[in-house]
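As structure tokens, one chain now follows by itself in the form predicted alone.
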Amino acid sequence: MNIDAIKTAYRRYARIYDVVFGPIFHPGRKTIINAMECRPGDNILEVGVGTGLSLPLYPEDVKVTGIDISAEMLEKARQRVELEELNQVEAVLEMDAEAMRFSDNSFDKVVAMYVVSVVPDPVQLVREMSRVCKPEGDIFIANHFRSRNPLLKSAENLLAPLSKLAGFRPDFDLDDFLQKTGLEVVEMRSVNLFGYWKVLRCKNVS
């Protein structure tokens, strides 16, 4: 996976993303935002905001900034913010999540929905999420991780060579991810179809 491959994949997805992936991932979006327990005035960063499908779900009394690497996806997000008058959205910015242009300790909560298996370097992504999140703030991750079911795991391994074309890693391993990032998971939930995706709530201890 590299930035060019990601941009190419999501340039293809931009027109159809809401129709194809909107309903599939919607339960996970609702679950993660409910789990965030947003408080009035919370400053929230959503990494990999895409077309902004999650933005209407945030309470009106928080401040949300969304970033993404795909200009085409962000154009859809900006249209959504304008058409739905989402006043809680402060900005939707084109930015590399592995090298964010935010100061340290800028956000109360940082969330990445369906992103960690997409970026070139998931460890660097988490490092940046931790840096811009306030100490003892919350980091939330929703993602597919490699199944522990032997048959599904074999199928995911077979699909792994197609990562660049698909725009994500189908064989992304949870234990390996947690070991390398050092994330302190305080809660884990299964979401979406067949519970195939996980929502992680982590305490920012850096």
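Just count from 1 along the sequence shown to find any residue number. Keep in mind that what you see is a predicted model, and the values were worked out from it rather than measured.
Another form, the form predicted together with a small molecule, is not on view; read the next lines as being about it.
Asker: In the model of the complex, which of 82-90, 131-139, 102-110, 118-126 comes within 4.5 Å of the small molecule (heavy atoms)?
Answerer: So the stretch in question is 118-126.
Asker: Does at least one non-hydrogen atom of A77 fall within 4.5 angstroms of the small molecule in the model of the complex?
Answerer: No, A77 stays farther than 4.5 Å from the small molecule in the model of the complex.
Asker: Since only the chain is shown here, I'm wondering whether Y17 would be in contact with the small molecule in the model of the complex (any heavy atom pair within 4.5 Å).
Answerer: Judged by the heavy-atom cut-off of 4.5 Å, Y17 is in contact with the small molecule in the model of the complex.
Asker: Under a 4.5 Å heavy atom criterion, is W197 part of the interface with the small molecule in the model of the complex?
Answerer: Result no; W197 lies far from the small molecule in the model of the complex.
Asker: Is there a heavy atom of I3 no more than 4.5 Å from a heavy atom of the small molecule in the model of the complex?
Answerer: Yes, contact at 4.5 Å.
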